[in-house]
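Next comes just one chain, in structure tokens: the form predicted alone.
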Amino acid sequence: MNLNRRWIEKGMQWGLFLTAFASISVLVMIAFFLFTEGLPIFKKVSLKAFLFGQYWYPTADPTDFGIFPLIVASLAVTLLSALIAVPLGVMTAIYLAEVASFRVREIVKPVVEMLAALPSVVIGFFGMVVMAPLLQNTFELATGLNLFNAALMLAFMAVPTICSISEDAIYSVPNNLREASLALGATHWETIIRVVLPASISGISTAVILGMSRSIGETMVVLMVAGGSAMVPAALFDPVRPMPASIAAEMAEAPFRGDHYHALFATGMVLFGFTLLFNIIADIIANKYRQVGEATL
């Protein structure tokens, strides 16, 4: 019996190892392919001109491969969507976990999780057909396809993820912590702010990471509602073109292994780098808050 259990444990260990190895191998192969196809563009243009160039005209004569407007657009859309999505998602999670009745929670949470499963093309279509005319008429704009519309749609996509995972993290805080706080004379809201949130901050940070990771790499929504203008935005309602939208819109038209083709892959390299950096910073913040929460408790 012990021998069989030992073999089963070894088999499970090797199965988990092979699964993890396969996942890492696929990631490494994708990164290798991305860099192999993107690096040749730097034989035509310097890294500084590529990252900080103000103009993106890959089909002009002479060509311009400056992706600075695309980088600014990606960062602006992601940060603005985070400013909208994070407070809404976390506050909704606090309400569902700590304030709402059991019946309300059982009804609202499945609806929120169902919203997370909406295809991005549906959200983009909603932004084009409903939000764009509404913004255009309300603010008397030349077009409703702009930075704010894109950020709003990305926030709409991120809120369900942030809310669902944050609610699970808050709801899983042991009740004895709440009861101890209340027994010491704290109010319900003081208990939420000073006990529950510090105890669940690691899970909330993970929820924010996942929500923003979905936003920063989203393609279809920004392709449909951002406006498609490869210029540095000067105002909230200016049309923009984030990096994923530019890659998706132009890859089919770029000559295979041509300069335009390599420039798009190099743009993907930059997007990959931003995503990796974002996740590293978010992981550091999550670990920091986990230690703060443990020290507080």
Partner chain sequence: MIRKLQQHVFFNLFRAAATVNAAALILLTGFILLKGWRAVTWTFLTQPPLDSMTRGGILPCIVGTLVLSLGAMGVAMPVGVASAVYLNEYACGGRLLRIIRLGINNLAGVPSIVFGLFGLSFFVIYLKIGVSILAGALTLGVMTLPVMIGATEEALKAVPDTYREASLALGATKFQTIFRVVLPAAMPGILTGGILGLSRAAGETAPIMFTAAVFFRPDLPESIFDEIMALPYHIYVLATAGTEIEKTRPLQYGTSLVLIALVLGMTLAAILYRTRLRRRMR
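Residue numbers count along the first chain shown, from 1. Values in this document were obtained by computation on a predicted structure and should not be read as measured data.
The same protein has a further form, the form predicted together with its partner chain, not shown here; the description that follows concerns it.
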Practice task
Establish, in the predicted complex, whether Leu39, Leu79 and Ser229 all lie within 4.5 Å of its partner chain, using non-hydrogen atoms for the distance.
Solution key: no
Problem - The single option of Leu236, Val26, Leu47, Ala60 touching its partner chain in the predicted complex, heavy atom within 4.5 Å - result: Val26
Practice task
Scan Ala142, Leu83, Ala183, Ala117 and let me know which has any heavy atom within 4.5 Å of its partner chain in the predicted complex.
Solution key: Ala117
Practice task
Using the partner position in the predicted complex, report whether Thr219 sits within 4.5 Å of its partner chain, counting heavy atoms only.
Solution key: yes
Practice task
Evaluate Phe52 for contact with its partner chain in the predicted complex, applying a 4.5 angstroms cut-off between non-hydrogen atoms, and reply yes or no.
Solution key: no
Practice task
Classify Phe65 as contacting or not contacting its partner chain in the predicted complex by the rule of any non-hydrogen atom within 4.5 angstroms, answering yes or no.
Solution key: no
Problem - is_contact(Glu106, its partner chain) in the predicted complex, heavy atom dist at most 4.5 Å - result: yes
Handout entry: Region of this chain that lies against its partner chain in the predicted complex, out of 39-47, 52-60, 250-258, 66-74 [heavy atom, 4.5 Å]
Key = 250-258
Problem - Heavy atom contacts to its partner chain in the predicted complex at 4.5 Å, residues of 261-278 in sequence order - result: Tyr261, Leu264, Phe265, Gly268, Leu271, Phe272, Thr275, Leu276
